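One chain comes next, on its own, written out as structure tokens in the form predicted alone.
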Amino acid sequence: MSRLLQDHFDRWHVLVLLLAVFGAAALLLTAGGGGDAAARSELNRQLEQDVAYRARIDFLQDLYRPVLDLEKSGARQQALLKLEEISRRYPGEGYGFIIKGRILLQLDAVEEAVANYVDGVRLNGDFADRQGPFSAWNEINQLVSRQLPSFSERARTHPDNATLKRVLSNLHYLQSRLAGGCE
């Protein structure tokens, strides 16, 4: 064998033979799972979606933590100011509307609270689902249960009041979304 490799022509042939063997092995490894390639691609896509979803949850929790801390400490006005600051930076984020609705409800600004819950649910229907990391189903359900009879009665006795009609319409929208209805 050592004599065989001393000749340049033989070394060249051995090198070409080794490249051919490694090339064929590489082709078998990559092409052998042709049917599996689609499955692997689907798994990779699902993994990427799961990672993106988890990253979004972590990001939102970190982003709104100062607001939630202010709310818990009872500093609702400061929480609203911080929320406005965040919403200027991320204007289309529905979670901010849900938090704002909750804080406004604590401040007895029911009409504005309802409007914010509606905006949040319209941006992301997951808030009206029973399950999920940011589910607001229970608080929206309590809001609808408590406010719908009152606003229905007030709208019935004041049929020309556009504000009452709008709030009533928003409450019906939330009620529909809680029941699983779509846009």
Partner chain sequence: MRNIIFCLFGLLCSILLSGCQQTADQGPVYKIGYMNCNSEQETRLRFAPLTRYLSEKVGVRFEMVPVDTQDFEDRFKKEEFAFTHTNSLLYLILRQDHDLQLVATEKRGQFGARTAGTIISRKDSGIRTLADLKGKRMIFGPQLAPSGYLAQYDLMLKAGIDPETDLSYYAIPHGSFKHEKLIYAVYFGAYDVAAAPALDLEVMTREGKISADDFQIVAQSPIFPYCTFGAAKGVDPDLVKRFREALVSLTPEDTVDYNGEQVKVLKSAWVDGFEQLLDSDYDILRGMAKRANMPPYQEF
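Quick caveat, the model's predicted, so the values are computed rather than measured. Numbering follows the first chain given and starts at 1.
Separately, the form predicted in complex with its partner chain exists; it is not shown, and the next lines address it.
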is_contact(residue 102, its partner chain) in the predicted complex, heavy atom dist at most 4.5 Å: no
Partner contact for residue 166 in the predicted complex: its partner chain, 4.5 angstroms, heavy atom: yes
Contact of residue 175 with its partner chain in the predicted complex (heavy atom, 4.5 Å): no
Contact label in the predicted complex: residue 72 to its partner chain, heavy atom within 4.5 Å: no
Stretch 65-86 - residues with a heavy atom within 4.5 Å of its partner chain in the predicted complex: 77, 78, 80, 81, 82, 84, 85
